[in-house]
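A lone chain, given as C-alpha cells: the form predicted alone.
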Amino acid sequence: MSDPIRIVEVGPRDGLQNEKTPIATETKLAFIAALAAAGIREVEATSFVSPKWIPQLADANDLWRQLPTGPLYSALVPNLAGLERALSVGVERMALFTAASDAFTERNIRMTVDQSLTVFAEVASRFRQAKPNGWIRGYVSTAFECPYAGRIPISQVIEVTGRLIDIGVNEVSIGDTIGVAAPIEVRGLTTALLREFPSERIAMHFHDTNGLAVANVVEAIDRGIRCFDASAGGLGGCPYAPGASGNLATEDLVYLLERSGWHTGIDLDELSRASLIVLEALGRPPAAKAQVAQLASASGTSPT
C-alpha cells in the first residue's frame, strides 16, 4: 500500500456549480481553507465559465485571487474567453471538459465531441504558450452511459481519451456522470484504458446515484488506477443528467482508503466538518455516510 493514491477535491467547483442558492465568496473560501486544513492537496476551485450559464461561479476571478496557500489549485476553462480570464489571475493548472457522447456535449456545451476537441486544441495550445510548465486535465463525461444516447462503447472512450492526450493534456478523468456503472463495467473500461495509456495519465470520477461509487473505486484500484475525484459532503450533481445524485463523497473515499491500508494524510474528522459551512448555507444536513458517522462519533451520538 505504499503506492500513493491522489484525491482531487472537486467540491468547490463541481459540487457547487449547479446549486441554485447563491453561495458567498467568503463561504467558498472558508470551505476551501477547511479542506486545506484537513490535508487535501489538490482542489478544483472554480470554473471560468460565463456567469450567464453558471451564476454560482461568477466570482471566479475574485475567488482565485484570495485562495489560501497550501493545495495545488486548478480551474475548469471552457473556451478561449475563459482562458483569458484564467490567465489574468495566474491560473497554472486548468481542466477541459468533453464527453464520450455527442448527445451529452450538445446539451451541455452546445458542441459535438469533435467540435469541442477542436476548440480545446486551441485552448491547450494558447495555455502552453502562456504557461510552458502548466498542467492540463481533460474530462471525459458519460464514459459508461449517456442519459440521452444510452450505453457508451469502450472504443469511444478510448478514442476521446487518446485525442485529449494528443492535444497535450497531462491527465484524463473518466466520468461515470450519471452514476450507473457497476464494478464489472469499471473493470472492463479501466483494463482497456490501461492497455492504451499509462496509469498515471488516467483518473476516475464516480457519482453515487446507485450507491456503487465506493465499490467502483475498489475495482479501479485493483486494475491499477491511482487517482480519484471526490467532493466533500457528496456535493454535486449534473443538470444535464436527470437523476444523477452527488459525486462520490471525499469522506467515503478517505475512509475506504485508510481502512484498506492506503495512507492519505487527510484528517477524516476535520474533513467531515469542512463542508458543514456550505451545507448550512444550502439548508441541507450532512448526508455522506462516512461524514455522518464521523460527526456522530465526535459528538458521542449514534448516526441516524
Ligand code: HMG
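Just count from 1 along the sequence shown to find any residue number. Everything quoted here is computed from the prediction, not taken from an experiment.
Below, we refer to the form predicted together with the ligand, which is not included among the displayed structures.
Asker: Which is the contacting stretch out of 182 to 190, 148 to 156, 71 to 79, 127 to 135, given heavy atoms within 4.5 Å of the ligand in the predicted bound form?
Answerer: Looking at the other structure, the answer is 71 to 79.
Asker: May I ask you to state whether R201 is within 4.5 Å of the ligand in the predicted bound form, using heavy atom distances?
Answerer: R201: no contact with the ligand in the predicted bound form.
Asker: Consider Q17 of the chain shown here, and say whether it contacts the ligand in the predicted bound form, taking contact as heavy atoms within 4.5 Å.
Answerer: Looking in the predicted bound form, residue contacts with the ligand include Q17, since a heavy atom lies within 4.5 Å.
Asker: Is I109 close enough to the ligand in the predicted bound form to count, meaning some heavy atom within 4.5 Å?
Answerer: Flag for I109 set to yes.
Asker: With the partner left out here, check for me: in the predicted bound form, does some heavy atom of T142 sit within 4.5 Å of the ligand?
Answerer: Flag for T142 set to yes.
Asker: Looking at S231, N216, T177, S101, which has any heavy atom no more than 4.5 Å from the ligand in the predicted bound form?
Answerer: Result of the distance check: T177.
Asker: Exactly one residue in A30, I54, L279, A37 has a non-hydrogen atom within 4.5 Å of the ligand in the predicted bound form; which is it?
Answerer: Of the candidates A30, I54, L279, A37, I54 is the one lying within 4.5 Å of the ligand in the predicted bound form.
Asker: Could you tell me if all three of R6, Y255 and K289 have a heavy atom no more than 4.5 Å from the ligand in the predicted bound form?
Answerer: So, no: the whole triplet misses the ligand.
Asker: Heavy atom within 4.5 Å of the ligand in the predicted bound form: which residues of 190 to 218 meet that condition, in order?
Answerer: Result: H205, H207.
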